[in-house]
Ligand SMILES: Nc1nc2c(c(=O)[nH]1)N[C@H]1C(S)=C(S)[C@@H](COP(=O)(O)OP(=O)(O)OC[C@H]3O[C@@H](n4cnc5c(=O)[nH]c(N)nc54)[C@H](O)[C@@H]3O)O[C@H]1N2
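Given as structure tokens, the chain that follows is alone and in the form predicted on its own.
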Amino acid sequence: MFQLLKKQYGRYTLDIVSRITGTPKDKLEEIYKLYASTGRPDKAGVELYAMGWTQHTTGTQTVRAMAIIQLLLGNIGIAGGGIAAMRGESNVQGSTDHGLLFHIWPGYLGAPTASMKTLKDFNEKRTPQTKEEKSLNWWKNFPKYSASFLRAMYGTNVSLEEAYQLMPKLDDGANYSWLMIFDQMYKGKFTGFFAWGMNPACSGAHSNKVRQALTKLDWLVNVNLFDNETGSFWRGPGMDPTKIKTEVFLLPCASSIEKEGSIANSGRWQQWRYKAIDPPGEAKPDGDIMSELFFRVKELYEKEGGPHKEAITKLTWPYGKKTLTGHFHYDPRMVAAEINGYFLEDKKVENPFKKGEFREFKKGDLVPAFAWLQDDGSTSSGCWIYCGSVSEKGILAMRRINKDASGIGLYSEWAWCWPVNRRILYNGASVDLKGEPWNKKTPVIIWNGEKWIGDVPDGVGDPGSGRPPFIMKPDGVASLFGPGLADGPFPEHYEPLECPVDKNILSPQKHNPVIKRFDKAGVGSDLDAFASVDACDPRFPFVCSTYRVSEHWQTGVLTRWCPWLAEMQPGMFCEISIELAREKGISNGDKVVVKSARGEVEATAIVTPRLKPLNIDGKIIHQVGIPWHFGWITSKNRKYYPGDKKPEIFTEGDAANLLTPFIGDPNTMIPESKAFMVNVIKK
């Protein structure tokens, strides 16, 4: 594999990479040497990435390329190493941990498909096998985690097999990611939609298409703190309310300081947030809203019946209690315990860490860690990787002990970190086969002669055991060669779908050949038949990228309503280089229109040396940038109706995603919002 890797990337010479990227060769070499210097035991390198890497049609492969580099340099499992995603929201990690994405159950358990007829089929399909005798192959425990999750959903009301049959199944080969959902909605395939804590009319790629898709619904429920472009899409720019059938319901919810619960950051630290004040008016915590919806739907199924009704009526929901007024008050502390998991019967269990030693548990005891979970239905766990987060000491995410015994910043008693409070994943790779730390100055784990001390050991047996450290891989070793991706086992350079160059210097294939596209004629309607431009189009000569500013958050639903933040960043701007401004006759503060094949947005020009022209294979290419936090709902130019809340400070401009293409990475389906073509026209 290493020889194949060398062959693949021997083509990426300094000359070629400089021609593709516009980065001077001396700068490339300087960067390469600096980062390659971390491939020593006494040094470490970490890569922090965000949407600038991922929002491309090669986003998955970009991150995969850095994973390969970090493996080659030995930067995995060590202090100061790894690859860290800089999330755009404080609980993105927590949401994916708990199964927000369509293809996984909580704890990254692959969701069942229609062809997996029984629980046995499901477990056999999802449980990997290996012939490597010394590999721990941790995913062999999949049946324990799936059984415990099913018990968390349905308790002991039904058998494990019945619980599995009640769970929804994916159609084989189906994709229910963001782009697919809104494409199907645009084609009239949806009846209703819950926009819960989101603003797709601004955040969705090709926002004009998203807004038109919302007009095809019978009903839309918008759960949010403030009115936003999604809840009021029907009265937005270009909309005629008399021709829109969608009935919209706004459910006001509590903000993060008006409720309690936990978040998990990109370091996997689960931290508890406490309620500071009550929510205003009729606003309720999300859990209360979900509970009320669940009980009302359950009551309707019990009274009127319906297809697959037991999937709802037999669900357990012991997460709170009814008040004197009949309102169900959701208790997140009970959910935290459910996520951890319980023993559901008295049971004597062999210690997974000491063969021949047994421990007795009583019904109702908390499961101490996921290694104790069982596959026979005697344990529950709502998310196996969080098993151990609640104990007889309480909810460990609440801990705030500001001491660092490790000396390297682990802070092991500050909050809790999945799995089993391990702070550095694959830390077994930080020691050699004899158990000696590669870097004795910053050891993550140390063998004291009897046991490992320091961080909770991961992927490492006793010294001399020969156990390979990457225990989540069947064979125990990390992979330079990555089969299973849609676009190949090695990352390769492709140009974005919309780009200003005529060819890919490295390959006759200009674009990623397996891009997920919706924009060709016949795929959608007239709205998206011309939604992307494949070739260099003189109408759109400049590369555009969207980004964030520190004063606003996401699509600005929270921050645009805050007068002090709206005053600091009052509206859409377009950042352009001094050279491009001179070429276009644009001065700082001028009003401009930024236009793509999909739409246009008005902005204020900011002329800055921060952006510079690039020399791409002898051709001068200009790039511009726009922030994505704005929308028409807080504009003074919108039509206000009696009773509408008006912001104290208005912001100007509409969504940056009115310009972005409706195309996706073939593996994750993330849209390509960081590289598309526009024109900038002075008003």
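So that there is no doubt, residue numbering starts at 1 and follows the sequence shown. Because the structure is predicted, anything quoted here is derived from the model rather than measured.
Omitted here: the form predicted in complex with the ligand. The next part is about that form.
The partner is absent here, but in the model of the complex a heavy atom of S203, alone among S203, N123, S135, Q165, sits within 4.5 Å of the ligand.
When you look in the model of the complex, the only residue of A276, A486, V549, M334 with a non-hydrogen atom within 4.5 Å of the ligand is V549.
With the ligand omitted here, the record of contacts in the model of the complex names 626-634 of 612-620, 626-634, 641-649, 34-42, defined by a heavy atom within 4.5 Å. At a distance of at most 4.5 angstroms from the ligand in the model of the complex, all three residues Q55, M198 and V557 contribute at least one non-hydrogen atom. In the model of the complex, the ligand stays beyond 4.5 Å of every heavy atom belonging to F361. Interface membership of S291, defined by any non-hydrogen atom within 4.5 Å of the ligand in the model of the complex, is ruled out. Contact annotation for E338: none of its heavy atoms lies within 4.5 Å of the ligand in the model of the complex.
By the criterion of a heavy atom within 4.5 Å, S389 is excluded from the residues contacting the ligand in the model of the complex. Residues V223, N224, L225, F226, N228 are the ones in 216-246 with at least one heavy atom within 4.5 Å of the ligand in the model of the complex, listed in sequence order.
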